[in-house]
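Next up, structure tokens for two forms of one chain, structure 1 and then structure 2.
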Structure 1
Amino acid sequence: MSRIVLESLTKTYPGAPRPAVRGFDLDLPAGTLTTLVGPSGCGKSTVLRLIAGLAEPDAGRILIGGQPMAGIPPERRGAVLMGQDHRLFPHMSVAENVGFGLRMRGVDPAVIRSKVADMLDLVQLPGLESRRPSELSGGQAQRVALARALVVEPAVLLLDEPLSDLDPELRLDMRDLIRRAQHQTGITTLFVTHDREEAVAVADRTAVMLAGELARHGRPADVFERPLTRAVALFMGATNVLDGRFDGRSVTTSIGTLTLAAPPPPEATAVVIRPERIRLSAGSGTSGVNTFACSIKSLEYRGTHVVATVAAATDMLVVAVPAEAAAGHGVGDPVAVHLPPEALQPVSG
């Protein structure tokens, strides 16, 4: 159980036009599970490779348990990487795969056997020792990979999109398993994902990474609800961004003047609101604060909910409405939208 500190990491791959990671700072308290979320190609995996020692940073420091990692080879860092592709060694049995790290450390075979059995119990695959990787299902393979990573009791567990190749059902199971295993072992874990829901679901802390830089870091709910910057907000799914002029607790936007729940920070340039936080009501009544008349431009059925695009003044808003609430509406119907002040988040950038 170790604290991991990343200090202004920068890494540029040879021949690449810009750095994959730039001035990246992150503090992972010991024993926590942090998710690192960002779009594809933002440099998340590079951060993991840098921590694992599979790539060397051009600048910056990595501290694991207070130890600077510069020049320490991967096998001596105690940081185990587990990827989306389970990367089980195809020429070894499940037991040999799980026991690999221990074998490399010269651990007594009897000890290896018992630890392997324990780990397979933990990942709920008891008795599969003699199987070959090719005889496993995708979910099983991923569990074996998790067991293989955990068995060496690493200081840090680095998970690189471990769920993205799994079916939706399995994803949830595996997510729970990872969460449980992390709790049980207390291994400091960095979990990389591009799925923002996953990112906030399992984590103690969530970090958002955009274009090689750390954009936001905090408790999952904070990051989700209070993105602080336009880019983070967009990435976290706050589709509606309204530029505006701030004046005390009100802001003038293209759809009208909105009232905020709290005074905005001075650097705020826009407000954002998530589609599911906007309320839609029939008719054109515009009574109440932050309520505007609009008309429905399109309706898109999404199963659990309906996504409505509404025209409000000169702008468009995207609204997510529970399916049954949307039942009475049709394209072209006049409606009223209400933007609750507490759901409006001022952002900068």
Structure 2
Amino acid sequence: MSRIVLESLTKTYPGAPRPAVRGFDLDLPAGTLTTLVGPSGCGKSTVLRLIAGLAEPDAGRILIGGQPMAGIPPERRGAVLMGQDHRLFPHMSVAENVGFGLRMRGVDPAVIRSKVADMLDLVQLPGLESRRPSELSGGQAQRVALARALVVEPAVLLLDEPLSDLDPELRLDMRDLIRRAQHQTGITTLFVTHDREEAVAVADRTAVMLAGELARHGRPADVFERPLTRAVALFMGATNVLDGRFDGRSVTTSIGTLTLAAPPPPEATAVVIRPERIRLSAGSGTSGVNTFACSIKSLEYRGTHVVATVAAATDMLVVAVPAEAAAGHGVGDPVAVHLPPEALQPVSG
């Protein structure tokens, strides 16, 4: 297991108006799975390429297992990159594909057979050793690619949106498989995705990247529930951002004065609350802290839940409630919304 440290990485491609990666710092503890999430074009894949040695940084350092990677070629870094395109060799069997890296390293054939069998068990593909890639489903091909990456026991596994081409059910299966495989092997892993749910579901730690820079890094629950900045809150789906004037544990906003669970940091300029944390009830009663009379402006049924847009004073709030709890509500109905103090998160920016 190897710790990966990225220090002030900067990379600008020729002709680009701004750096793809700028002053990027990230610490990946040995044996952990970290997700790197951000919108398309924010620089996530460039970070992977820099770690793998497929591109060189203009500034900054990469350390793998404490060793600086400057001048170290890709094949000597102990990093394996797995992308959306699994790129299996079409003329080779599943077993030959999985064992390819070991053969290139001159490993004894008997050892290769044993390791390949173990890996196919790990990715739940026993008995498919003799099949060709053309005989596999998309999900099976991805499992073979994962086995091929893991069998060489890399110092770091780099996953570049490996699940983006799979349908939702297969994506969930592969997500769980990657998590289990990483736990079993203990390989330090950096998993790039643009899917916010995926980013917090599989990780030991989550890093948010925006416009080439690290915007937030920590435990998934902390990143999700306590975004710290307006930009991270919006990217992570907080939706409701209320600018305000802070005074101790209260903040005056466009919908009224809100009570906070704790004093805000001095740099706070707004509070955010996720749609699912707002409570909605019938009628216009406003008894209780942080409870306001509203009216429903729109309702959107999404299967398991309903998303309601409600007018609160001079502003709008987006509320997500279980589908059964929304039964009987209609557009124009008076409702009350409650914003629990512990669900209000002060942010800067």
Partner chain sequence: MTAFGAALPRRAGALVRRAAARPQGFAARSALALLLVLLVAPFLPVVVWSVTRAWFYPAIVPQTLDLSAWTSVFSATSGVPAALGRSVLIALSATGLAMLFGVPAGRALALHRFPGRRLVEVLVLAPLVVPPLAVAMGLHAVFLKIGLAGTVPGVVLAHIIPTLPYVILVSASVFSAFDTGLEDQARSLGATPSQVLRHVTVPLLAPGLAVAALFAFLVSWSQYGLTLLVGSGRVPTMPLILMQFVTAGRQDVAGAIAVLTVLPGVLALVLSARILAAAAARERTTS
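Just so we're clear, the structure is a prediction, and the values are computed from it rather than from any experiment. For numbering, take structure 1's sequence and count from 1. The term rigid core refers to the most C-alpha atoms you can superpose between the two forms while keeping them within 1.5 Å.
The form predicted alone is represented by structure 2; structure 1 is the other form. The rigid-core alignment places the CA of Pro133 2 Å or more apart between structure 1 and structure 2. When two forms of a protein are overlaid on their rigid core, residues whose CA moves 2 Å or more are considered shifted, and Pro90 is one of them between structure 1 and structure 2. Put the two forms on the same core and the Cα of Asp108 is off by 2 Å or more between structure 1 and structure 2.
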